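Only one chain is shown below, in C-alpha cells, and it's the form predicted alone.
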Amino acid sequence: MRLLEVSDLEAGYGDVQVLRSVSLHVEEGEIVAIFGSNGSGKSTFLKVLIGTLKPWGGTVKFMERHVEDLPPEERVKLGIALAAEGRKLFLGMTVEENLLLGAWVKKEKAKENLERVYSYFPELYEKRRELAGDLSGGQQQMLSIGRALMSEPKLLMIDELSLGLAPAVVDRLANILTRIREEEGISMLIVEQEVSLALDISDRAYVFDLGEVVDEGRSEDLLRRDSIRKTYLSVL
C-alpha cells in the first residue's frame, strides 16, 4: 500500500519559490531517502509534509487521505512524526520529560512507549534524569528520534540524520533505524546530505536539486549513474 503520495507539490517563502512540481511516494514499511546539496529544498519539503508550511499547489495524501489543509497536530494524530533538523529539544528539561512530550497523542501508552524507546536507545534510559542540554550530539539525536517514536508514527521523518555527528555514532543510528523498521514496520523518510549513508539505509531515494526531483530510483542503482556520481560525489 502507498502510505504517502505527493504530487506536483509547490511551495516557498514570501515571493521566493523553493519547491517546483515535486512528486514522491513512500510505500508501507519502506525507507526512502532524500538527498541533495544545501538549498535544494529538502527541509522545506518536510515542513510541508508535517504542516508547518502551507503548499502553494499540488497534493499530499497520507493513507489515501488529503492532508494539505490539516494542522500539524492532526497530522501527528494520523501517524506522521518528524525528528527535525537541529533536534529542537527542550534543553532545560530532562531526557524523560522530552520523551513524554512526544506522547501527547498516546498518553495512555506513555509508559509502554518509554520502555520501547529505551530498548532502542539504552543511553537515554541511563540519562533519563539528566537535562537534554547536557547530552552529546549523538545522544540528542537519539532523543529527537525517540521523542518522535513516542507518538507511534506510521511514517517517521528525520531531517539531517548525520549532521555534526561522528561516523561511529551515525553507523549506530543507521543500524537502530533499520532494526525499528524490521521490528515495527514503520515507514521512514530520511533527509540526508551524506549520499553514501542515505543510499546504504534506504530502499529507494530521490535526488533534489534547486527544488526539483532530478533523479530517483532503487538505492543500489543510483550510485551507478554517472550524473549522480558527478554531481554529488565529485567523481568524474
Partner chain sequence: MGKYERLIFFLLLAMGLLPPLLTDYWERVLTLSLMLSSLSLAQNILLGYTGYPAFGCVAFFGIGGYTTALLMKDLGLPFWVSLPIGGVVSALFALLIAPPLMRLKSHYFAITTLALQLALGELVANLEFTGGAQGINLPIYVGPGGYLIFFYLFLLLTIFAFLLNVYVERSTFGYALKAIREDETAAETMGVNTVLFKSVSFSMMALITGLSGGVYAYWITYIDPTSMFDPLLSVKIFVALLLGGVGTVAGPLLGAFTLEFLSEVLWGRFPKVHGVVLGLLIVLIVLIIPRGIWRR
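Residue numbers count along the first chain shown, from 1. Please read all numbers here as calculations on a predicted model, not as lab measurements.
Although it is not shown, the form predicted together with its partner chain is what the next lines describe.
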| Does any heavy atom of Arg128 come within 4.5 Å of a heavy atom of its partner chain in the predicted complex? | no
| query | Any of the heavy atoms of Leu78 lying within 4.5 Å of its partner chain in the predicted complex? | reply | no
| message | So, Leu165 and its partner chain: in the predicted complex, are they within 4.5 Å at any heavy atom pair? | response | no
| Does its partner chain get within 4.5 angstroms of any non-hydrogen atom of Leu82 in the predicted complex? | yes
| field | One stretch from 185 to 193, 47 to 55, 168 to 176, 31 to 39 that, in the predicted complex, holds residues within 4.5 Å of its partner chain by heavy atom | value | 47 to 55
| message | Checking a candidate spot here: are Pro72, Glu97 and Leu100 all in contact with its partner chain in the predicted complex (at least one heavy atom each within 4.5 Å)? | response | yes
| remark: When its partner chain is considered in the predicted complex, the residues of 88 to 102 having a heavy atom within 4.5 Å of it are Lys88, Leu89, Phe90, Leu91, Gly92, Met93, Glu97, Leu100, Leu101, Gly102
